[in-house]
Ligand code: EPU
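Here you get one chain, nothing else, as structure tokens; it is the form predicted alone.
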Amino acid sequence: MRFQQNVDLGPLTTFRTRGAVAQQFYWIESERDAREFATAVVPSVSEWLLLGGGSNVLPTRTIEVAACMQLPGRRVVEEGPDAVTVRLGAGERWHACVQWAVSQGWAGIEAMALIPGTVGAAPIQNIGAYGQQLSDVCQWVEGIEIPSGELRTLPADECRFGYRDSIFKHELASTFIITAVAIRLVKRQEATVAYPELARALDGIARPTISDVFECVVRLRKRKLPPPDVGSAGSFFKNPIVPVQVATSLAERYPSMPQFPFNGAIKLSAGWLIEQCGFKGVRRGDVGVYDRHALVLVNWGAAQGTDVVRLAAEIKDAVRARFGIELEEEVIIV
């Protein structure tokens, strides 16, 4: 297992902030590396951080140990006339896997195009976009237990998937290293589109294919998200979920507030709430809120991780004061 000392974590995250260093840094490039990290490294330290693409983490300080998951691999493990199950290594880039699936004519993840990061992070967050989420297709998650080093396979129904949530953010957060994810995809060219914004963007295409959806989502995300040379983690906050009674009261006060039914409750738009508080396009030195999407916090060049945390706290305070809604970070702050 490759090892380095005093590694700057900024370039290993999409936020690219300053002020965070790993005293010890490991590169996990095989299952053997993952087992060695789980059995020989993690049990001997007080804290550790595992990175994939670094797209959903904001390090703010020096930490003892960090590692980067780079386990590769894409292979078909089961195939029938109508569907296929593929096993993806945790270090595979998620977007590349979506491209691959679409090119094969396999439907189920095409609307999750251009989500940054690696496969290993996908079940942790239960990533999703435009009406699709990982839990819709996940069959099982493989990983190494800490500190035993045993390989364990967790069926999807034991992963406790929720909105940007899973068991890997709770009970298994510090005792399980994801090494692979298996997903089931349908052999179908015609796409199923239920998400209103995506349906509007596809207007004019009577029977969109999964390729149409993939290309449309890429265009939409590129319009909303900063260019690659601007540091960010995409959506910084989760969309809040509130009881129907609360949503009804808010709708009476703010008739234009977007609201979406969600599992017996109502999902609100965090971006709308932030924009109404006047933060869209705001800049505080080298940290700011992107002017095309109020849900995206950005590093314009030399921001510290703590600068981002301060701006996030300011936004949360403003939304709470105006709407009585508590925003929760989607990004993991270390």
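Because the structure is predicted, anything quoted here is derived from the model rather than measured. Counting begins at 1, following the sequence as shown.
What follows is about the form predicted together with the named molecule, which we do not show.
This chain appears without its partner; in the model of the complex, the one residue of 160, 87, 221, 187 with a heavy atom within 4.5 Å of the named molecule is 221. With the partner omitted here, the residue from 108, 143, 91, 128 that has a non-hydrogen atom within 4.5 angstroms of the named molecule in the model of the complex is 128.
Residue contact with the named molecule in the model of the complex: residue 26 places no heavy atom within 4.5 Å of it. Among residues of the shown chain, residue 238 is one whose heavy atoms approach the named molecule to within 4.5 Å in the model of the complex. In the model of the complex, none of the heavy atoms of residue 169 sits within 4.5 Å of a heavy atom of the named molecule. Among residues of the shown chain, residue 197 is one whose heavy atoms approach the named molecule to within 4.5 Å in the model of the complex. Comment: 227 to 235 is the region of 179 to 187, 148 to 156, 79 to 87, 227 to 235 lying near the named molecule in the model of the complex, near meaning a non-hydrogen atom within 4.5 Å.
Looking at the named molecule in the model of the complex, residues 271, 293 and 330 each place a heavy atom within 4.5 Å of it.
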